[in-house]
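Only one chain is included here, represented as structure tokens and corresponding to the form predicted alone.
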């Protein structure tokens, strides 16, 4: 009996439409589920990316996802109320092709921006190099990324360019190594110089003990003995440590009487003046 009642209700037509009650019910159900699913995914997305991208870009991305879900739900539900989608889809296809050609770069930058958000090769505040642009990431937007160069110039780079370029992230690792080349005179004590340099490094609070610094004689140069110094420091203070230690090493070795050599050239003069004969 229940089956007969269900079949009877399903076959009821809404006057003048040719749509059954069952089809109308499915249409409403799909629309309601689409709205609910859009709300759930939007809230989840807002929670996951909160604080990772600017608020305006975050809300724009959420709206795009939300209305995409609603559009898919509407297209799925319309055939249940005898709406012919062939004409709409054909017109939409033509419009889509036109918009696709006109906004190809725009769409590419949008997709690249989404990939950057997911992969996160760079973050706001990172010191990076993209192509010939070096600086600090100030903002990561849906279509572009803003980098402030070390000269204080703001540069807008399309996300497609960032996605397809080699990216150098100078602070992705917690520590970064730098090195000096210190040249001393041949008559100076190389062991003393290296000992002084190691003492200066050990006394600096941000010169890392591990990986430990390395100081060694690298080669015998034209003007003196070349000592190589390799030091690790936290990436966040790498530049300050590099700048401070070089000055301290110079003062410390000079205080021990070790000097940096001047360029030297040996010039040989003949013992006798050349004799010129006249013909």
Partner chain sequence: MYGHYSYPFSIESGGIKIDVTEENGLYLYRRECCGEVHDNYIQAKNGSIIINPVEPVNLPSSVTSLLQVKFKNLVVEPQSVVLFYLTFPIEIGVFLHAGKNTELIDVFSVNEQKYSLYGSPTKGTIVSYRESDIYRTIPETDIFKDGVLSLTLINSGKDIANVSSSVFDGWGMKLYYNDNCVSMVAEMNLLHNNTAETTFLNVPLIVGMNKSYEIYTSRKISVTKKSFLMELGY
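Positions refer to the first chain, counted from 1. Keep in mind that what you see is a predicted model, and the values were worked out from it rather than measured.
We do not show the form predicted in complex with the partner chain, though everything after this point is about it.
Here is the short version: of 119, 179, 151, 202, the single residue with a heavy atom within 4.5 Å of the partner chain in the predicted complex is 202. In terms of contact with the partner chain in the predicted complex, the residue from 170, 107, 206, 80 that brings a heavy atom within 4.5 Å is 206.
None of 64-72, 246-254, 38-46, 228-236 except one has non-hydrogen atoms within 4.5 angstroms of the partner chain in the predicted complex; the exception is 228-236. Within this chain, residue 115 is remote from the site of the partner chain in the predicted complex, having no heavy atom within 4.5 Å. Within 4.5 Å of any heavy atom of the partner chain in the predicted complex lies no heavy atom of residue 194.
Taking the partner from elsewhere, residue 146 is found to have every heavy atom lying beyond 4.5 Å of the partner chain in the predicted complex. For residue 210, a non-hydrogen atom is located within 4.5 Å of the partner chain in the predicted complex, even though that partner is not displayed. Of all the residues from 156-183, those having a non-hydrogen atom no more than 4.5 Å from the partner chain in the predicted complex are 173, 174, 175.
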